[in-house]
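Next comes just one chain, in structure tokens: the form predicted on its own.
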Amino acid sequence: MKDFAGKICFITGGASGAGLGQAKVFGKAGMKVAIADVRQEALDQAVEELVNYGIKREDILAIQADLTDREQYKAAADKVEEVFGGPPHLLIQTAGVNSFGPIEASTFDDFDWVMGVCLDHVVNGLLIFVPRMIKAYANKTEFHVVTTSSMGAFMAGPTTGPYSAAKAAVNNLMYSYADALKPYGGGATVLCPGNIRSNIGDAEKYRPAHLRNTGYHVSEGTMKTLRAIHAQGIDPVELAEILKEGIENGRVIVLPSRDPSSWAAQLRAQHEIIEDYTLTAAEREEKSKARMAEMMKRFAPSGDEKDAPPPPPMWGVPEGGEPFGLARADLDWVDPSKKKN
């Protein structure tokens, strides 16, 4: 898809973070932009921010909806057609939540909430919108579907089990749609960012009341630490510009860099780890030790891993923050080192 002007874009999670960045970029490209989010106040603020960014107010549609609810999603789709005259030419499903804790501490609520938003809402959008898009645009004009996934889709998630499982699933869905939509003149892309400057660290504040039985330790302190981490992430507008380039050039996977080859080594390393799952436990242990020794050499001035100091921690804990990714203290089957003290 290369021609965006005058066409329609629908973005889930569009009131903040990556979704709002996408609304800015594709709105500036001349699209009519519908943004959907569960938070009305955030939608109101987003509309004003988009207008200040230079997008015409009449080209913006804000829809408050819980898109894990199929009837609400159908109503949102109907609203887009009513206001803009047709289904979207570009569907971008970016709404997402995450929570951190040992996978063995997870509850049904943890899986239902995270996978509901990160996977079920994507399925809802594809099944509701794609038939409408095909009927309206097949072999007449360009159309495209996008899901915002994560680099976490390519790796194990022992402290992000529901999230990583959902992202791996949406990746596979988009690979499938990329092939399936070709006969109709459509395309599909999955965006796989790393850290984004967004408010996903506050997601627990918006967890529905009926899904709050979590096995994870969650507090204002853990959310403060996550906010500090996400503040260091890629700018949402820059990420959206990278996505736009990927769509224009027919990329099925878009990585968070204008030079996709810069992530190639990391992807290869992750694929190698997956291949290692076919080995025996002893063989995996041997390869893991070799991999660790190679990493340690990078920190050793002499090139000898014995001289290397411990690798620096990836993230620090800010003042007033707490470590995240731990289980609740009262779970008696979880290893004590994985629980809140």
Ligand code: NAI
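These numbers come from a predicted model, not from an experiment. Quick note: we count residues from 1 along the sequence shown, nothing fancier.
The same protein also exists as the form predicted in complex with the named molecule; that form is not shown, yet it is the one meant from here on.
In the model of the complex, no heavy atom of residue 184 sits within 4.5 Å of the named molecule. Under a 4.5 angstroms non-hydrogen atom cutoff, the named molecule in the model of the complex has residue 167 among its neighbouring residues. At a distance threshold of 4.5 angstroms between non-hydrogen atoms, residue 180 is out of contact with the named molecule in the model of the complex. The named molecule is not shown here, and in the model of the complex it never comes within 4.5 Å of any heavy atom of residue 161.
Only one of 38-46, 277-285, 51-59, 24-32 lies within 4.5 Å of the named molecule in the model of the complex by heavy atoms, and it is 38-46. Think of it this way: in the model of the complex, the named molecule has a heavy atom of just one of 257, 141, 199, 219 within 4.5 Å, and the residue is 199. Interface residue among 172, 106, 195, 270, judged by heavy atoms within 4.5 Å of the named molecule in the model of the complex: 195. Within 4.5 angstroms of the named molecule in the model of the complex, the stretch 134-165 places a non-hydrogen atom from each of 148, 149, 150, 163, taken in sequence order.
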